[in-house]
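First, one chain by itself in structure tokens, the form predicted on its own.
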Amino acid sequence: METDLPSSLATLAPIARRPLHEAAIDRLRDLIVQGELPPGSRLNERVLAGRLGISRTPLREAFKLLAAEGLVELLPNRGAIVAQLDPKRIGQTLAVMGALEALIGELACKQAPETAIAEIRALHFEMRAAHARRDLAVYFRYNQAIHLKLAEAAGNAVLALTYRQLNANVRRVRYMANLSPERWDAAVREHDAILAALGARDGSRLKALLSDHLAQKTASVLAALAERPAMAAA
């Protein structure tokens, strides 16, 4: 039988501190996505624990969760390494994501509340400001926030979850696509058009723009991987 909370607990504030492994995941993910820890790098627990200021227990938990995202490979009795990039799997994943993004665009134009569109517009302005500063790390955070917010705005929880899970597996290569200044500049122009179509609630146009946006990124990423065979999976 449920009872009311004692008065001493009724106003208890939630604990604000995040679990250590979650903070470690964010830091390690950034290091891997931004290439500071390249594919094949051994993840030395002692060094990383010291650098992050945590014990090995939350660090190992972070490794497990990053392995689920495809960023880390756990080797039996040998620790962990940064996962290699598999061009074939990347191409397949991005092809599926392209179809999902097209559906997201179509649904978002029908379902997104004005508040969500306003939030996306604000994120876009911040992303553009980061681009003007040539701050790729900050730009990428806002870019990812825009795509995830669009997925949520589509109003389909299963679609948003599926997209988020797949996106985690290709976050690293999406970042890589912007290492080309020409491709980065083109991506910003594409986002301008995406925002305009969303604001006009033009579902067919947004569907096409999002699909083409990811197709361009896919071509850029696969071309980059072809030029860097050492990064591809054997």
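This structure is a prediction, so every number in the text was calculated from the model and none was measured. Between two forms, the rigid core is defined as the largest C-alpha subset superposing within 1.5 Å. Sequential numbering from 1, following the sequence displayed.
Missing here is the form predicted together with a further copy of the same chain; even so, the following discussion is about that form.
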With a further copy of the same chain left out of view, which of Arg42, Arg201, Lys64, Arg27 would have a heavy atom within 4.5 Å of it in the model of the complex? Lys64
Answer option from Leu136, Ile81, Ala95, Ala122, heavy atom within 4.5 Å of a further copy of the same chain in the model of the complex: Ala95
Heavy atoms within 4.5 Å of a further copy of the same chain in the model of the complex: which stretch in 64 to 72, 178 to 186, 33 to 41, 47 to 55 meets that? 64 to 72
Is the gap between Leu148 and a further copy of the same chain in the model of the complex 4.5 Å or less for some heavy atom pair? no
Touches a further copy of the same chain in the model of the complex: Ala118 (any heavy atom, 4.5 Å): no
Arg89: heavy atom within 4.5 Å of a further copy of the same chain in the model of the complex? yes
Heavy atom of Ala153 within 4.5 Å of a further copy of the same chain in the model of the complex: no
Could you list the residues in 128 to 163 that come within 4.5 Å of a further copy of the same chain in the model of the complex, counting only heavy atoms and keeping sequence order? Gly155, Asn156, Ala157, Val158, Leu159, Thr162
Per-residue C-alpha change between this form and the one not shown, Arg78, threshold 2 Å, rigid core fit: yes
With both forms fitted on the core, give yes or no for whether the Cα of Gln165 moves by 2 angstroms or more between this form and the one not shown. no
Flagged pair Phe140/Lys64: C-alpha distance shifts by 3 angstroms or more in the model of the complex. Which direction, closer or farther? farther
Compare the CA separation of Arg29 and Thr162 in the model of the complex with the one in the displayed structure, and answer closer or farther (the difference is at least 3 Å). closer
